[in-house]
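Let's start with one chain on its own, the form predicted alone, as structure tokens.
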């Protein structure tokens, strides 16, 4: 890791240079309370002073909602051609919990099966992170994801009169050297950064008691009354999955032409919270009720990937809390597990 500082007076020139040289994706104000990560053509469109971004930027760029995987032709023999589309682009202004969500997806798509579509996009994505103010539903501090130590090329932290820059890759260093007028961070700069982070962490108001959840979850796993209470108002709409930076469930759709000689396979987002998700041929449903589906979602987020990857599949961003029509609150439910065990 290299540590540099950039004077605020040079920040705009740095960003303008990146916008002119790269396909640049950054936060743009959508309405009074929500931003979206979209292609930026002029620095006037860029607004890094955001709190809410509904769809995680890295997820929709690396794992699009709808993506063609292969095309095929059926003749004397079947010819299958992979469709891998990716371009070099900059993802600018993404915060720490979304970077950590992206790091989780990196593991998912490279562990048991190498997903060439994801990898191609990931390798060409230049990630420049920035801190953003947490919403009132954000509990990433409890999950240890309010800070990103990897998964980015450059990370900017705004101090009083300068930006403290962490450079994590050779590609990031090349960009900084080419487009930014920086200097090495001094001891005073490090002290300023340390003070900033201490104050930044105080902005996270929501917390969860995650410490013993791994074991406590097993005690209430078969407690039907507990799960009926938790899932009572669930609509099984899948909103929580769609806005989650780490959810990766998908469905594969076949589209074949009327001539029956050519077609394609397309991947599209799916949700384990939808009642049809566990439905298989013959009419059997492995998870027919909402209580079981919610329980499995919490197990996936907070236990399964501790066993598989040694990390939670939840970054504490709080998007699912805000998106839920039934006001189901994963943070409150995590704490409810602790209360249930402690009684």
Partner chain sequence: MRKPKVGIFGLTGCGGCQLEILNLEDQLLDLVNAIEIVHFTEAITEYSDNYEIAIVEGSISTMHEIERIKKIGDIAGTIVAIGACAVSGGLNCLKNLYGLEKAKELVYRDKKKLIDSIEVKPVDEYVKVDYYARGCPPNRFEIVDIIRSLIVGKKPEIPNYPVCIECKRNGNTCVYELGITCLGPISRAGCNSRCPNSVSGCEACRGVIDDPNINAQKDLLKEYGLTVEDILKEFNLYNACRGKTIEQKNK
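Predicted model, so just to flag it, every value in this text is computed and none were measured. Residue numbers count along the first chain shown, from 1.
What follows is about the form predicted in complex with the partner chain, which we do not show.
Colleague: Please state whether all three residues 235, 242 and 253 have a non-hydrogen atom within 4.5 angstroms of the partner chain in the model of the complex.
Modeller: Yes: each residue has a heavy atom within 4.5 Å of the partner.
Colleague: In the model of the complex, is there a heavy atom of the partner chain that lies within 4.5 Å of any heavy atom of residue 55, even though the partner is absent here?
Modeller: Residue 55: contacts the partner chain in the model of the complex.
Colleague: Report yes if any heavy atom of residue 278 sits within 4.5 Å of a heavy atom of the partner chain in the model of the complex; otherwise report no.
Modeller: Judged by the heavy-atom cut-off of 4.5 Å, residue 278 is well away from the partner chain in the model of the complex.
Colleague: I'd like to check something about residue 274: if you look in the model of the complex, is any of its heavy atoms closer than or equal to 4.5 Å to a heavy atom of the partner chain?
Modeller: Contact with the partner chain, yes.
Colleague: Quick one: is residue 65 in contact with the partner chain in the model of the complex, heavy atoms, 4.5 Å cut-off?
Modeller: Contact check for residue 65: yes, within 4.5 Å of the partner chain in the model of the complex.
Colleague: Go through 255-263, 209-217, 161-169, 184-192 and give me the stretch that gets within 4.5 Å of the partner chain in the model of the complex, heavy atoms only.
Modeller: In the other structure, the partner sits against 255-263.
Colleague: Which residue, 227, 118, 269, 204, is the contact with the partner chain in the model of the complex, using a 4.5 Å heavy atom cutoff?
Modeller: Spelling it out, the residue with a heavy atom inside the cut-off is 269.
Colleague: If you check 306, 38, 300, 34 against the partner chain in the model of the complex, which one has a heavy atom within 4.5 Å?
Modeller: Among 306, 38, 300, 34, a heavy atom within 4.5 Å of the partner chain in the model of the complex occurs only for 34.
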